[in-house]
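Okay, here we've got a single chain as structure tokens, the form predicted alone, with questions on binding and movement later.
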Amino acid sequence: MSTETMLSFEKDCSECPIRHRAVCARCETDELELLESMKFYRHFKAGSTVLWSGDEMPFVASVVAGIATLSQTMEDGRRQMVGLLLPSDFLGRPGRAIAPYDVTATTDLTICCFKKKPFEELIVSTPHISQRLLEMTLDELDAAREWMLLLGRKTAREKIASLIAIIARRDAALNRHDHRNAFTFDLPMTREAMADYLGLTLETVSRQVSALKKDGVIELSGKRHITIPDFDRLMDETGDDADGGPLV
């Protein structure tokens, strides 16, 4: 995303690239004006920490561009990645003052922040925002269940295919094109980050990506530019049945 584009949507919510999927998706003009009065933007370089677990969190936010990870550190120092924040995902929870997870920018990251107290007051009086927030919360619950299945039952190949499919569907939704047709996108994660997220070694990730490429499931230009010639074939590799559940 160019600097010129960034400046445009930072001045005008109607230009925002996630407008149709974010928490403000159903807002009327007067409601957007209220949100604009309490919003501010923050930018983070890849690898930098957005929040540490236990930090005071005086804002909630929508991811505008880039990807962040949610992770938990255990007493012995081990870290487990527990989730991804993709463009249009919501960061923070109204009514909770403390960040429950470490939040790290995996790529260069832009978030649209709303001051927490005014936002909490707004969702009480604005059904369009509270309804959309409920929908997004339920989507996040579905994603958590998908994550449990992905980590607990899938093979390494199925894990890689599933992660590519998740990111591909989000890219299709944000850019409003049909993910069932062949399309290309840039994978916004390094292979090291994929390994951490999926509980695999870097070598296993590289080997499985190469295998999917060799079998024609994906086409790869460089390390991250992916073409999916047939989305249904990619879904066949995820281990899910036609209705999206696990094959048993």
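Just count from 1 along the sequence shown to find any residue number. Superpose the two forms; the largest set of C-alphas matching within 1.5 Å is the rigid core. Bear in mind that the values here come from a model prediction, so they are computed numbers and not experimental data.
A second form of this protein, the form predicted together with another copy of the chain, is not displayed here; the remarks below concern that form.
Q: Scan Val103, Leu109, Ala168, Met81 and let me know which has any heavy atom within 4.5 Å of another copy of the chain in the model of the complex.
A: Contact with another copy of the chain in the model of the complex is made by Met81 alone.
Q: Identify, from the list Cys113, Leu163, Ala173, Leu151, the residue with a heavy atom within 4.5 Å of another copy of the chain in the model of the complex.
A: Exactly one residue meets the criterion: Leu151.
Q: With heavy atoms only and a cut-off of 4.5 Å, decide whether Met189 touches another copy of the chain in the model of the complex.
A: No, Met189 sits far enough from another copy of the chain in the model of the complex that none of its heavy atoms falls within 4.5 Å.
(Q) Test of understanding: in the model of the complex, would Lys117 fall inside 4.5 Å of another copy of the chain by heavy atoms? (A) Heavy-atom contact with another copy of the chain at 4.5 Å: absent for Lys117.
(Q) Would you classify Leu70 as touching another copy of the chain in the model of the complex, given a 4.5 Å non-hydrogen atom cut-off? (A) Judged by the heavy-atom cut-off of 4.5 Å, Leu70 is in contact with another copy of the chain in the model of the complex.
(Q) Can you tell me if Leu133 lies within 4.5 angstroms of another copy of the chain in the model of the complex, counting non-hydrogen atoms only? (A) Contact check for Leu133: yes, within 4.5 Å of another copy of the chain in the model of the complex.
Q) in the model of the complex, do Asp139, Asp142 and Gly199 all put a heavy atom within 4.5 Å of another copy of the chain? A) The answer is yes; Asp139, Asp142 and Gly199 each reach another copy of the chain.
**Q.** Residues within stretch 212-231 having a non-hydrogen atom within 4.5 Å of another copy of the chain in the model of the complex
**A.** Contacts from 212-231: none.
Q: Note yes or no: does the Cα of Val64 move by 2 Å or more between the shown form and the other one after the core is superposed?
A: Superposed on the core, Val64 moves its C-alpha less than 2 Å between the shown form and the other one.
Q.
After core superposition, I'd like to know whether Ser53 moves between the shown form and the other one (criterion: C-alpha shift of 2 angstroms or more).
A. Ser53: C-alpha displaced by less than 2 Å between the shown form and the other one.
Q. Would you say Arg26 moves its Cα by 2 Å or more between the shown form and the other one, aligning on the core?
A. The answer is no; the displacement is under 2 Å.
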